[in-house]
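Let's start with one chain on its own, the form predicted on its own, as structure tokens.
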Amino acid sequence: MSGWEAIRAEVLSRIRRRDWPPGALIPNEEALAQEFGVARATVNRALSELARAGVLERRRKAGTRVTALPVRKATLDIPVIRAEVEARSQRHAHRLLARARQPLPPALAARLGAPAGADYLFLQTLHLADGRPHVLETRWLNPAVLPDPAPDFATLSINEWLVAHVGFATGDIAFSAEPASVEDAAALGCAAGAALFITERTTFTDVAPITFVRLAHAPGYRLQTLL
């Protein structure tokens, strides 16, 4: 078993089977790391995520227990669009439509808490599923989070690169239904005015903004997550 997501899934499975009932003290990180054959940091990430979801209670020197009266929290992970497409047994591809350094628009500067006119990287990417438009990703990225030299994002999408390389501390997300603009319609191959599922998300490190992204999903998109 490898990866913190796999560890999280196995721990959750044991809790649901009542191998570890409510209130039970679970094995410590070192024991779990040895059992699963992974680094202790990997176990820590998995248990921390379950604690954040209200499934576990973690106390220093007292160990980790299954929450006696779990508080149900709706959680959303930032998805890798490629993985989302492939989970539907479809082939993913992406096209980088635009990349330019531009002044951040005032409305987005206010939303990100950035100086008006700050120099940001503008990226627009079209994600495809089995060769058909799936998501139009329009993003403003703080260039301070990029290495030097920066990736070209033509082979690895900015969405996937950020999820893998830049951790966020806080953020916000909004969902809406909007009529397709002329630009949306041209990219997604739908009629202007067609109803689209829109996701807008901002993320921040402890000290600075990371990105604002708008995802315009092709007609028929369905969001599914876990409770």
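This structure is a prediction, so every number in the text was calculated from the model and none was measured. Position 1 is the first residue in the sequence shown; the rest follow in order. The term rigid core refers to the maximal set of C-alpha atoms that superpose within 1.5 Å between the two forms.
The next section is about a form of this same protein that is not shown, the form predicted together with the DNA.
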Can we say Asp172, Phe204 and Val213 each have a non-hydrogen atom within 4.5 Å of the DNA in the predicted bound form? no
Within 4.5 Å, heavy atoms only, one stretch in 188-196, 57-65, 175-183, 156-164 touches the DNA in the predicted bound form. Which? 57-65
Quick check on Trp4: any heavy atom within 4.5 Å of the DNA in the predicted bound form? yes
Would you please decide whether Ala53 lies within 4.5 angstroms of the DNA in the predicted bound form, comparing each non-hydrogen atom pair? no
So in the predicted bound form, does any heavy atom of Glu200 sit within 4.5 Å of the DNA? no
Classify Asn28 as contacting or not contacting the DNA in the predicted bound form by the rule of any non-hydrogen atom within 4.5 angstroms, answering yes or no. yes
Output the sequence-ordered list of residues from 31-65 with at least one heavy atom within 4.5 Å of the DNA in the predicted bound form. Gly37, Val38, Ala39, Arg40, Ala41, Thr42, Asn44, Arg45, Ser48, Arg58, Arg59, Arg60, Lys61, Ala62, Gly63, Thr64
Please say whether, between this form and the one not shown, the C-alpha of Leu25 moves by 2 Å or more once the core is aligned. yes
2 Å or more on the CA of Thr42 between this form and the one not shown, with the rigid core superposed, yes or no? yes
